[in-house]
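This document opens with one chain alone, in structure tokens, the form predicted on its own.
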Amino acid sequence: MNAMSSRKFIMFGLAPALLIYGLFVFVPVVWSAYYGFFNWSGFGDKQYIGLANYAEIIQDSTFWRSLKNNIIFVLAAVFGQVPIALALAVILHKNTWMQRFLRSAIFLPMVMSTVVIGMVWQYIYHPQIGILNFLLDAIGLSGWKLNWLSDAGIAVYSLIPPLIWSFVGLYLIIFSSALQNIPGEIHDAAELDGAIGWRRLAYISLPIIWTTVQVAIILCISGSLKSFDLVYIMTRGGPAHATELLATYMYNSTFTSYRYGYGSAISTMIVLISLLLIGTSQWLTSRKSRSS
């Protein structure tokens, strides 16, 4: 089979997946961007208003608060999930039965329903019967007891532990697979040169799997910017928009306030912000890899 035939065969094989992706991902994004130029309640005629929805977004304090909360989520994911998962992957690198069990246990939240995860953490944070306040009482730190999800000052930060706990297992599996694909001869040669422990990770393993780390960072950013279900289950964006995210604000604007045009404009902004942050992260990580 020559090169031209190989390319045709590959395109023929990819065509069904690309068609489905285009219909259910790309087309809705384009339609959403189109609706962002209209004032529309979801029913009846649409009124073309140009960039009025986007002008309103710029002046909307709730939008900027939602963006700030999303940035907090992105930073928590990138600097929480990725380092923790990488450390766990190094610690649980060997293939003993105990380490396999621990990897499976850490991955377990990934196969659980988000509704269940949200309800579990709601009980953990419950001000009267929650295990967190109970433990603070038990160790003599009653003064630290708080209304974790109803205090506007700390509510968004209370969502970070369940966010990290829910997805760290995914990156653990990704990093474990990347580390296991490093040839053993490289580790043997590094050990002969005196590179052991964290020095081997920093100077040998991490540069080799750096492209995997870049992919994990992209997944963290995109996943954090479209976070919805966990926050909606636990706080619904409250209290007083303290935990509002771009996705929950888009949902409330569209399906609660029936401002489909405005909600579509917000969704378009989410896509643009995602592309900006992912592009910036790729530029920064590429600079690091070139300077290494």
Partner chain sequence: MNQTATAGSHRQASGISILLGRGKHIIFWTILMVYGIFTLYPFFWLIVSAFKSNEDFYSHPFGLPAQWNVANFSQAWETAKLDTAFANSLIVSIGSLVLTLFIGALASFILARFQFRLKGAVFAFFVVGMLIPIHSTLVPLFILMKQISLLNTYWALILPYTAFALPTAIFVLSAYLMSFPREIEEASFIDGTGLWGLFFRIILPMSLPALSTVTILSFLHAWNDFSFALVFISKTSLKTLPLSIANFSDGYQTDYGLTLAAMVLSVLPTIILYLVFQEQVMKGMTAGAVKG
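As the structure is a prediction and not an experimental result, all values here were calculated from the model. Only the largest set of C-alpha atoms that superpose within 1.5 Å between the two forms is called the rigid core. Positions refer to the first chain, counted from 1.
The same protein has a further form, the form predicted in complex with its partner chain, not shown here; the description that follows concerns it.
> Could you tell me which one of V78, M110, I72, I204 places a heavy atom within 4.5 Å of its partner chain in the predicted bound form?
Contact residue from the list: M110.
> Can all three of L67, A152 and I217 be found with a heavy atom no more than 4.5 Å from its partner chain in the predicted bound form?
Result no, not one residue of the spot touches its partner chain.
> Is G184 a contact residue for its partner chain in the predicted bound form, using a 4.5 Å heavy atom cut-off?
G184: contacts its partner chain in the predicted bound form.
> Answer for F63 alone: is it within 4.5 Å of its partner chain in the predicted bound form, judged on heavy atom distances?
No.
> Whether Y123 contacts its partner chain in the predicted bound form should be assessed with a 4.5 Å heavy atom distance threshold; does it?
Yes.
> Is H241 close to its partner chain in the predicted bound form, meaning a heavy atom pair under 4.5 Å apart or at it?
Because no heavy atom of H241 falls inside 4.5 Å of its partner chain in the predicted bound form, the answer is no.
> For the heavy atom contacts within 4.5 Å of its partner chain in the predicted bound form, list the residues of 5-19 involved, in sequence order.
S5, S6, F9, I10, F12, G13, L14, P16, A17, L18, in sequence order.
> Has the Cα of S41 moved 2 Å or more between the shown form and the other one, judged after a core fit?
Shift of 2 Å or more: yes.
> Does V27 move appreciably between the shown form and the other one, meaning a CA displacement of 2 Å or more on the superposed rigid core?
The answer is yes; the displacement is at least 2 Å.
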